[in-house]
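Single chain ahead, written as structure tokens, the form predicted on its own.
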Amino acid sequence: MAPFSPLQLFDPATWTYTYVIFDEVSREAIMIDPVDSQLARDLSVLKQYGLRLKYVMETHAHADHITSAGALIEHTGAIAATPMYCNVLPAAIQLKDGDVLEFGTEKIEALHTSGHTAGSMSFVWRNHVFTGDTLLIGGCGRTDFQSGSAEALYDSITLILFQLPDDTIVWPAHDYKGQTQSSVGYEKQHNPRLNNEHGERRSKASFVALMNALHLPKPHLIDQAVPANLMLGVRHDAGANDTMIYAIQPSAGYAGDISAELAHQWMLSGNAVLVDIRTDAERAWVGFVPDALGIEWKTWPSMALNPNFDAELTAAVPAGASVMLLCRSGVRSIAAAKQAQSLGYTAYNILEGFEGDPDGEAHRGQKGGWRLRGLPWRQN
């Protein structure tokens, strides 16, 4: 292996690259994006180079293959490190933007590069960047599932990855043409997803239009891969309906936005306390959520802020606990989540609230929410 260059391993069945980097003195190593069918090969590589695997890292919860992270942990004692907004719950380390992991005298930094998925990350090590499905060689990841966003992907590539030095070597998670590596400078100049036929940088609007017009087929393993990867690959029996339940979207001022399904799972498991901030009148009129803690954010009929909110919350929920804030449409709960976070809680806003946000034609509840997705509720 050339000095300070990663080992690049390939899975031809899924066109996936797995990477191994290590400290040459201590032999501590990191493996990025491993594939379950290549477990024996990867263990053999570790043995061949005399490496001790310290961390298994994922750039995101992949839809096209199942990870071997859980199996690698069992075989080597390694620690899983995954992007926090991918919500891979069994991972010991939930990576945030700017987090740095050390292995021997080496360091690797996590960059939150959302777009392909809401939680996607890239990892920078020396003059190398492991871009996952965010930036590919002559392309980029798709944005039409798993909380994908073409707008976010454009920003992640142009405002984060393209700000790295031009000679930074790009190592993608996949390539379908036999290419192995690129550079930031080359992709800035020649990537056809980011540049038009004249070699000029596309505007964000042009990029979004291009991505929205791709109409790619659904990955054939997505219904098995995503649920399994949310469990580090150790559980393969989850169904297709679980693929989007566990998404956490980043937010400012509180821990994140979560789906009604994930909130329900956390409530049942005791991972977080559900706080229903609708008024007493709303709950009596529209419906109650069983086992939720009712604390009004605004009081009926004036809809003024409840001056007792802080006192009621701190009296009912232990300090430092995780709380999930639910309102009728998912708007008031944002402010309440920020307030709960300021009180020392890990606070989440439940997207779409109890009835769901209006759709494009302002039809209340068309998107779903707690009530319309068949989750528990009752009339008084």
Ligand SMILES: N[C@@H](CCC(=O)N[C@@H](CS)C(=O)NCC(=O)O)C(=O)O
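None of these values were measured; they are calculated from a predicted model. Each residue number is its position in the shown sequence, starting from 1.
Here the subject shifts to the form predicted in complex with the named molecule, a form of this protein not shown in this document.
*Asks:* Tell me, out of H190, K218, K177, K96, which residue has a non-hydrogen atom within 4.5 angstroms of the named molecule in the model of the complex.
*Replies:* Answer to the contact question: K218.
*Asks:* Consider C140 of the chain shown here, and say whether it contacts the named molecule in the model of the complex, taking contact as heavy atoms within 4.5 Å.
*Replies:* So C140 counts as contacting the named molecule.
*Asks:* Spell out, yes or no, whether the shortest heavy atom distance between D133 and the named molecule in the model of the complex is within 4.5 Å.
*Replies:* Residue-level check for D133: yes, a contact with the named molecule.
*Asks:* In the model of the complex, does D64 have a heavy atom within 4.5 Å of the named molecule?
*Replies:* The answer is yes: D64 has a heavy atom within 4.5 Å of the named molecule.
*Asks:* If we take heavy atoms and a 4.5 Å cut-off, which stretch out of 252 to 260, 292 to 300, 202 to 210, 169 to 177 is in contact with the named molecule in the model of the complex?
*Replies:* In the other structure, the partner sits against 169 to 177.
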